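Given as structure tokens, the chain that follows is alone and in the form predicted on its own.
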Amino acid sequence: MKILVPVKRTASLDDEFEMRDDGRDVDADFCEYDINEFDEFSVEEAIKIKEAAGEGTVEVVVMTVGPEDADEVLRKCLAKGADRGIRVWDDALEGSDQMAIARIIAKVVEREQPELVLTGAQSSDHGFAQTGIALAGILGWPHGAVVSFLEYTPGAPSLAFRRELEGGLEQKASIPMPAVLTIQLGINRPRYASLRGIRQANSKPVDELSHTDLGLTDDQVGEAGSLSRIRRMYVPERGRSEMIQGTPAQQASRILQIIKDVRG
């Protein structure tokens, strides 16, 4: 069987940073990049399934949508035990939102025909938590979100999992295959790549595809194919706090005064 794991190269900010001239994002010179934290866990879960099944039973394919710099996150996954990588990019993909990215991943699914897709529950930079669920909707596959435990034997017609709900609750469920799962932090302990794995990663294949290779048109990707657009990114003004001292009566009086001042 085959497991497809989409991963993302995410940005984290330096202590000091500047916005781009267009005001729609942070200047890339002030960002540090690495694999999305949530995707570390989805990759590990795929490799665990592969190892438990025995050699030659499961192929783990990692993919990303991004420019050449994104190869580093694919190589990191290959060093940990993934078998093959796919990177999708061309200039037309610039500005793709989470829905356009889901559309691209769906085309890779059509091309690769995996039985299972494992994505991170969300990205650590944008945090929309929509790509995996949108992918399942496009494919028409059953899905589970925020999965904290997974039980699956390759070749089985269904899989069982637990997922986190509000208020500390957990839900047990099972769904038929093929399926899409979004993986939560803490489901496992992601491994470090060994020196041997790092050396082997450089010889593993990474296919480079454009949107036209996947049968997508220009109006299906980039800003043209997106349902949302970033209008502005900015640092919000910081409010002020006040420690209210005195007796309960004095504190209540001060609170009433603050409410009156806010209301004008």
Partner chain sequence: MPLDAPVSRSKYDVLFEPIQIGPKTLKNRFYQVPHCIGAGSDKPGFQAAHRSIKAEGGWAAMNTEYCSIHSESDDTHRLSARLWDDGDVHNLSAMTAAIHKFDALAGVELWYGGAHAPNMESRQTPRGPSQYASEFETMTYCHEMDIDDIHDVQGFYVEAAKRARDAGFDIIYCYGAHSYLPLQFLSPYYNKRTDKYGGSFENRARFWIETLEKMKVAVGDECAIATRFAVDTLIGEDGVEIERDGVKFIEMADPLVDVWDVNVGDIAEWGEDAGPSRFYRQGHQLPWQKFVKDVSKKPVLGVGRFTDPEKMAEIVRSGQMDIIGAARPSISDPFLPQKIKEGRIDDIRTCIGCNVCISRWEIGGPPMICTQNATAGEEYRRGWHPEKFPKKGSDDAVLVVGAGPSGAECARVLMERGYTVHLVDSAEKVGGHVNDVSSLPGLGEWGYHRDYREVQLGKLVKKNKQSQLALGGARLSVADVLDYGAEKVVIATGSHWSTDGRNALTHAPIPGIDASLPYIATPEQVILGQKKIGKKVIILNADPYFMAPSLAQKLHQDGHDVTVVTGVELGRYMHFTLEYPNMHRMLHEMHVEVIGDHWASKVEEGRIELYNLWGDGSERRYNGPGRMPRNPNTSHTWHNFDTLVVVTGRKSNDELYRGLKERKAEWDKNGIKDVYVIGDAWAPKLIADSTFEGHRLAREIEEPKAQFPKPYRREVSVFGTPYIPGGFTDIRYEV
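In this text, the rigid core denotes the largest set of C-alpha atoms whose superposition between the two forms falls within 1.5 Å. If you're wondering where the values come from, they're calculated on a predicted model, not measured in any experiment. Residue numbers count along the first chain shown, from 1.
Keep in mind that the form predicted together with the partner chain is not shown, yet the notes after this line are about it.
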Contact assignment for the partner chain in the model of the complex, among R238, R232, R229, R196, heavy atom within 4.5 Å: R196
The single option of E94, E151, E170, E72 touching the partner chain in the model of the complex, heavy atom within 4.5 Å: E72
Per-stretch contact check against the partner chain in the model of the complex, the hit in 188 to 196, 129 to 137, 171 to 179, 97 to 105 (non-hydrogen atom, 4.5 angstroms): 188 to 196
Heavy atom of E68 within 4.5 Å of the partner chain in the model of the complex: no
The partner chain contact at D219 in the model of the complex, heavy atom, 4.5 Å: no
Partner proximity in the model of the complex: E55 to the partner chain, non-hydrogen atom cutoff 4.5 Å: no
The partner chain in the model of the complex - contacting residues of 15 to 52, heavy atom within 4.5 Å: E32, Y33
Rigid core superposition, S12 Cα moves 2 angstroms or more between this form and the one not shown: no
G246 C-alpha shift between this form and the one not shown of 2 Å or more, rigid core reference: yes
